[in-house]
Every structure is written in C-alpha cells, then in structure tokens.
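We begin with a single chain expressed as structure tokens, specifically the form predicted on its own.
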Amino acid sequence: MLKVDSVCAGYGHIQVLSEVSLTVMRGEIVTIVGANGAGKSTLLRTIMGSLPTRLGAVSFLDQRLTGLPPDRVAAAGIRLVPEGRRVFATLSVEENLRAGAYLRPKAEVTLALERVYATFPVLGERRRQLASTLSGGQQQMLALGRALAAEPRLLMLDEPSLGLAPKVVEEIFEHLTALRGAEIGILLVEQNARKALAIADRAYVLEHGRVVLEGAARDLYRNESVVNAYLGGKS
C-alpha cells in the first residue's frame, strides 16, 4: 500500500531523514523503533505532507504523494493520529468524530460514527461531553476514533501510549491488533518498543534518521542489539 523510497527530509538547514525506505502492506502492522530524535515523527509528518520531501518519493496505492498537501494525502485514504492526541478540546465527542469524517458522504457519516461507538463504547456513552473533560485514555480513544471515522486505508499513529496508564495502554493495543482484521495498513511509532514489536508484523529500526535494521518483528524482538538498546536488556 505505502512505499517510502529513499526519502530525505528535515527542518531548515537540518536534515533529519537520510534515504529512508519502507513499505506497509494491506492488513499488516509495521512499527518504527528508535530513540527520541531518531526521526520517527518527522517521517510520519513527511508521509502526511505536512513536511516537504527533499529527495526521494512517497506513494500510496500507486498514487504519488510527494509534494501533495495534507488534505490531498488524507483524501487518498491516510490518517495520522498525532502525538499528544490533539483532540478539539472545546468540541463534543461527537463533533470531534464528525470532524474526522468530513470527507465522507453525509449519508455515511452516521453509520461511520456508530462503528466507532461500537469499537469504543465509552465514546458513545459520552458523545455529548466536551473532549476537554475526558480522561487521557478516553482522549486517546477519541483521537483514534476520529481517524477511524474516515475509514482510512492506512492508519499512522505517533506514540499512542504516551502518558497513559498500563491498563489503558493494553486496551489501546488490543484495538490496534483487532484492526489488522479490517485489512487496513497500520504504521506505528511507539516508544514502548516491547509492546510495539509484540503486535507488529514487521519493524524498522531508525537511528539518526537512517534505517539500520528491518525485518520480521518477532526476529527484531530477539535481536541482541535491539534488546539491549530498546527493550531494557534481556529479561
């Protein structure tokens, strides 16, 4: 579905990504592992079109995305759940979800929202509640639900477990695993590398803006250098 081919990107005179290549296939979860500052979030922003590609190319379902603005990338079927959730605090839960579904035909929006409520019942219970009054975990569910309301073909997530209690993290990752059956692609950036590798099909290790390792997630989970650098050593 997604192909990132030798992409270089950065901010001002600083180059953050250097010839990064990766793919995401339909129905699989791909995770990007790396330390803070490795370029993981920059990569997601580049794919989404909010940061220009300096060199290389990004394509999705054989459509070239390089140079397209974020609204055109979204229209192609990609959604990003950003770090820190970033829900619309002064809007209700339902208004947030409707904002996520803005590109869908009006006749399909209600059905899309009902599917989100079926996935996250707590959002249905609080549909009239302001997003700012939700707990951190509920806001993360809302951010994820807002992306799913658009029924994307590719879902990208940036640090979905950040600041959440362990029980909530378990629930969020269970939902991500369940989405694999929906045959959408998932590209996951997550500091909790152990958790991410446990649910992913494939993984890439990013260091200083370069891919230094890639392969099946189960193999990287047992890779000694990955274990020592990102999994806290051998248990």
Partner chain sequence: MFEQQVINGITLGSTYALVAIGYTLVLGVLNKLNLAHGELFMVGAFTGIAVARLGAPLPVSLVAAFAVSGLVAVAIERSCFYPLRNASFLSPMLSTIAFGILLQNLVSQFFGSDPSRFPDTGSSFQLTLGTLTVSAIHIVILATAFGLMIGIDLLIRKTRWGIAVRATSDDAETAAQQGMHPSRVTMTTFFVSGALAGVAGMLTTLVYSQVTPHIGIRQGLIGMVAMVIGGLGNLRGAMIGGLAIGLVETMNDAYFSAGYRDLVIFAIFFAFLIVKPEGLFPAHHSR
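If you're wondering where the values come from, they're calculated on a predicted model, not measured in any experiment. Positions refer to the first chain, counted from 1.
Missing here is the form predicted together with the partner chain; even so, the following discussion is about that form.
Given that the partner is absent here, state which listed stretch (59-67, 165-173, 42-50, 22-30) has heavy atoms within 4.5 Å of the partner chain in the model of the complex.
Heavy-atom contact with the partner occurs in 42-50.
Counting non-hydrogen atoms within 4.5 angstroms of the partner chain in the model of the complex, say which of E125, E114, E108, D71 makes the cut.
Contact with the partner chain in the model of the complex is made by D71 alone.
Residue-level contact is defined here as any heavy atom of the residue lying within 4.5 Å of the partner chain in the model of the complex; does L144 satisfy this criterion?
Outside the cut-off, so no.
According to a 4.5 angstroms non-hydrogen atom cut-off, is L155 in contact with the partner chain in the model of the complex?
Result no; L155 lies far from the partner chain in the model of the complex.
Is there any non-hydrogen atom of L103 lying within 4.5 Å of the partner chain in the model of the complex?
Answer yes; at least one heavy atom of L103 falls within 4.5 Å of the partner chain in the model of the complex.
Is there any non-hydrogen atom of L91 lying within 4.5 Å of the partner chain in the model of the complex?
Heavy-atom contact with the partner chain at 4.5 Å: present for L91.
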